[in-house]
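Before any questions on how it binds or moves, here is one chain, the form predicted on its own, in structure tokens.
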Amino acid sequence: MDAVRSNSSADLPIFWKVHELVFLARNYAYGLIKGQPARPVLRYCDEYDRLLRKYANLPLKSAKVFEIGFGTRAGIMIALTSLGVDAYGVDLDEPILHGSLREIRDIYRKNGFERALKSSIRFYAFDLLWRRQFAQELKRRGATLQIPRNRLRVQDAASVDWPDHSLDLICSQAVFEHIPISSLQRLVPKMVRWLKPSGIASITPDIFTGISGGHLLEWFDLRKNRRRRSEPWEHLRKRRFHGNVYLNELTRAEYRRMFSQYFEILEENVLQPNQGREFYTPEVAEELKEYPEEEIFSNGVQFVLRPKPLM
């Protein structure tokens, strides 16, 4: 059986794949040194609890949750289940949870050599330390780290089936931009059916038109003194370099139109307003004049959605 192409890799020259891998490792290392990776995951859970209480009058611990795109680390799923939430997740890529040879073999068979290599390096170099930090954060909340192996589905999210009106929350962080439009056209209507009438979805894609929307890793760190090969908004301007991921290239307006067909948009929150403003020179603005500033300074945008009544 042929391996399923991972959305976290693209057909690029090997030298550029290595360049992106080096930047990825730097970002992981910097986060671990600062002790940062564990805290944002729990902040996601706190945000889901806030939204459920506000719009569904339901605490997170009483909700049934489905995460679209748990990633090879499965960090949010680990957090949810460790906090006692009835949570399930799906991802196209096989996760690496214990670092066993069997897991690495399964990743190779299902997602190919590059995904297996990247997952192995990430697990042994970064994820084990991340888990120790995360376990300490959970302990402060009176919880114990749980690995939700039997709650993770490895398949296209659009091929999943849940009973109608069975979920309280569907969540996704920085994943929808990696899902082909043909899959989104099947997935989004399904989400309406899966959610209870009182249920909500919190979907946060990385918008393609933002400064980091092209997923060039050298633009995930916006310090001005960083040396970069590409220019600001390279993916909208010269397109000489490409991120080592699949991107559907949807704009914020296109996500809004897609979601509004099936959902009431309760909130639309830009997570980091004006991100990259210091790089938006008059020359860059002239080149990008076809894009409104709403698009240029979007990057991560959280859409909080409530299902419209089915006709």
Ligand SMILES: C[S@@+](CC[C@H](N)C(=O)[O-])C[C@H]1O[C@@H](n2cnc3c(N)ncnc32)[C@H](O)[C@@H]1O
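The first residue of the shown sequence is 1; numbering continues from there. Nothing here was measured: the structure is a model prediction, and the numbers come from that model.
Absent from the display: the form predicted together with this ligand. The rest refers to it.
The chain is drawn here without this ligand; in the predicted bound form, the stretch among 279-287, 51-59, 259-267, 64-72 whose residues come within 4.5 Å of it by any heavy atom is 64-72. Only one of H178, H165, R237, R109 comes within 4.5 Å of this ligand in the predicted bound form through a heavy atom, and that residue is H178. Proximity to this ligand in the predicted bound form, defined as a heavy atom within 4.5 Å, holds among E137, E103, E231, D156 only for D156.
This ligand in the predicted bound form is not approached by A125, whose heavy atoms all lie more than 4.5 angstroms from it.
Contact annotation: E218 falls outside 4.5 Å of this ligand in the predicted bound form, judged by heavy atom distances. Under a 4.5 angstroms non-hydrogen atom cutoff, this ligand in the predicted bound form lacks M191 among its neighbouring residues. Within 4.5 Å of any heavy atom of this ligand in the predicted bound form lies no heavy atom of I203.
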